[in-house]
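This document starts with one chain, in the form predicted on its own, laid out as structure tokens.
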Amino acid sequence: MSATARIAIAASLCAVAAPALAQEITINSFGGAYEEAHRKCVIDPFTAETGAKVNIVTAYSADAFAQLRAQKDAPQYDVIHFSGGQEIVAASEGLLVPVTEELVPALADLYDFAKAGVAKGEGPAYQIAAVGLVVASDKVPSEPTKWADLMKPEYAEHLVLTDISNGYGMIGLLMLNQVAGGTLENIQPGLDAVGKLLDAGAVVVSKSPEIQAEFAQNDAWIAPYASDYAFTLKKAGLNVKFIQGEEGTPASFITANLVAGRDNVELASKFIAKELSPEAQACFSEALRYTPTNAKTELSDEVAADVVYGADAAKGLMRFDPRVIEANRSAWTEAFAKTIAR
């Protein structure tokens, strides 16, 4: 056998032995209505276009992050989604692969706020859960326009606050705190504001369904809460609307992240590209009233009225530093509990 023939055979054997391009990825989703929308808007279209299988692990952000850390030497996720800012820590610990325009060209079409952390290795935000004022438009004598309006006496006995063990409740408290002159280093003004509201007749609930009960049964008019839940109340037949406060719209950013140490980054990048596409984002907004992050997303007037939509509205979005929240969560939860128990 000639040397040329041996080389050709060796090359052929190597080609046979080489692993095939991965045709499946593993992601986390958040279960319930979110996962249903995830399948409809992203997963099923992605599978139809690529033929790739998507393995879904239902895991909320904190649990998914704990799994990512535990799997550091043998990661199982290809794309991991967070809503609590865990991507900041994950990137700093080398658990993520940076998402670049070379891998995901749609990154160029995102609003700047949605890709602010990309240069640091954090995944882009592909959905935003905006927190504002959920208002019973058929009951309130005059609609509030800003967060400071929550302190008006005429609203007090019809105001529903949410415990800060709930993520949206935490964001609502921090916004009240900011409007009252506080900072992330000092939330006492916010706690004092909560105390005054409770003294005037406001109530505190701990779970989303309790908000619906307050609006349906107990003459609630206003709740600082998220746009997606305002849509849930509308679907339940309540006449409510979502209003962005003039001082700004705090939000929870839902990010899509590439996991380090996996061998199918190309396919995983295509999945994130699908999530960032205008079509998928419009679908998510239609289904759940999340705010899109791709500037090219087009929404119907009906959907646009329920979310933060367009470049000008997006300028009002803000995010409280997730690292500061996590570092102070226990202390703040204890202080909040004392405030509402007095």
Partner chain sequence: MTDRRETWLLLLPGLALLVLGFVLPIARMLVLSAQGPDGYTTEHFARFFQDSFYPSVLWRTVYLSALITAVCAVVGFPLAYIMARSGPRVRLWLVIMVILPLMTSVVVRTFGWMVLLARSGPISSTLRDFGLVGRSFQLMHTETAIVLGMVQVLLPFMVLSLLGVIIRLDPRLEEAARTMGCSFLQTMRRVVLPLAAPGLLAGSILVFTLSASSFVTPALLGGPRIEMLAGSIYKNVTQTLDWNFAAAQAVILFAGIALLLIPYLRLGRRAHG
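Numbering follows the first chain given and starts at 1. Treat the numbers as computed from the prediction; the structure is a model and nothing was measured.
Although not depicted, the form predicted together with its partner chain is the subject of the following passage.
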Which of 200 to 208, 230 to 238, 95 to 103, 265 to 273 has heavy atoms within 4.5 Å of its partner chain in the predicted complex? 200 to 208
Residue within 4.5 Å of its partner chain in the predicted complex by heavy atom, from Glu246, Asp138, Glu157, Asp112, is Glu157
Pick from Gln71, Asn186, Asn218, Ser142: which residue has any heavy atom within 4.5 angstroms of its partner chain in the predicted complex? Asn218
Does Gln23 reach its partner chain in the predicted complex if we count a contact as any heavy atom within 4.5 Å? no
Would you check, heavy atoms only and a 4.5 Å threshold, whether Arg329 touches its partner chain in the predicted complex? yes
Residue-level contact is defined here as any heavy atom of the residue lying within 4.5 Å of its partner chain in the predicted complex; does Asp163 satisfy this criterion? yes
Report whether the minimum heavy atom distance between Glu334 and its partner chain in the predicted complex is within 4.5 Å. yes
